[in-house]
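Shown next as structure tokens: one chain only, the form predicted alone.
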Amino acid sequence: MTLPIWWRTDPTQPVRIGPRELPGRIWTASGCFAYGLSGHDIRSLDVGSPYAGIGAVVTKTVTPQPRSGNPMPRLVELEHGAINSIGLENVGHAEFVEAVLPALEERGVPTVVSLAATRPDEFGPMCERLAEVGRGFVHWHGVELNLSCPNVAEGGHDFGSSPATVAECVAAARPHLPDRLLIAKLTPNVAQIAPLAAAAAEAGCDAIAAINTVLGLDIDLETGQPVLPRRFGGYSGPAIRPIALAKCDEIIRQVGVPVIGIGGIETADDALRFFALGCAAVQVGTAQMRDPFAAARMAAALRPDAATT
């Protein structure tokens, strides 16, 4: 590809966000590369490893207790993206901290741990235990608070749609992560996202991740029923990119906190659109599920020495 004349940044070089220096600006989004443990088992001729040049793997979301997830089907591909209702299936916080986090550190995976809860006060103990086990780990960079999952019954469709609740969650986590990055991942399913971002920033977060999936529903015409057993799900993919760009722009212009852009990023050009707004980093989601090398390929394509400007 030919890079635009204004692009001078190497996304595979270290970038400082909050208290941490991460190895790059192209990340994988939560839930789209599992826990990040299996990438060393596969190779590609063009980029080598799925981790090549990327800045972080955001783990699938971890909750206080193990979750078995929602009934199948949980993920349905649509014409312009996908709709999911995974239900936050995961091994639970205790198993993750004792087994998964050390394995990620041993394998050298740059890691941001995604956490979700149904009450703000649950974030404090989870972050405290993470910090105890991860003390001295060099590849664990921080936590992303998933405050916006729209497909979990507990806490309603959007747990983080209230600025006051967002602030409570961030405030509960912040004291336990003095030397780690703290990110608030916000819901797009609100009229204005800037008040949520401002509340998170005032409570002490280092960055905002925007956006999570958009609440959606689709119908199977053979049955006349919703394609997901729980009816609603999170819609992702290229169709939501304009929404994500608008929400990121709103936060950057009105709040000024660092933003990690997410939403419909499938190509290097897509990532450039978010960087043009001033995003500090981007996360690759649905595209990463289709192609585990998607983020690495974007990182390689955006290096200034990889193409003629």
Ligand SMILES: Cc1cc2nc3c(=O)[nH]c(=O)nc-3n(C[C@H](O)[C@H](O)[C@H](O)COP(=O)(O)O)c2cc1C
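Treat the numbers as computed from the prediction; the structure is a model and nothing was measured. Don't overthink the numbering: it's just position in the shown sequence, from 1.
Unshown form predicted together with the named molecule; subsequent notes refer to it.
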* To do: Mark V282 yes when one of its heavy atoms lies within 4.5 Å of a heavy atom of the named molecule in the predicted complex, and no otherwise.
  => no
* Asked: With the cut-off set at 4.5 Å between non-hydrogen atoms, does L215 touch the named molecule in the predicted complex?
  -> no
* Looking at the partner-bound form in the predicted complex, is N70 within 4.5 Å of the named molecule by any heavy atom? -> no
* Could you tell me if T187 has a non-hydrogen atom within 4.5 Å of the named molecule in the predicted complex? -> no
* Exactly one of I86, V133, A198, A94 has a non-hydrogen atom within 4.5 Å of the named molecule in the predicted complex; which residue is it? -> I86
* **Listed residue that, although the named molecule is not shown, lies within 4.5 Å of it in the predicted complex (heavy atoms), from V47, I240, V255, A271** => I240
* Asked: When the named molecule is placed as it is in the predicted complex, which of 205-213, 123-131, 99-107, 172-180 ends up with heavy atoms within 4.5 Å of it?
  -> 205-213
* Asked: If you check in the predicted complex, do A29, C32 and G264 all have a non-hydrogen atom within 4.5 Å of the named molecule?
  -> yes
* Pull the contact list for 40-67: residues with a heavy atom within 4.5 Å of the named molecule in the predicted complex, in sequence order. => K60, T61
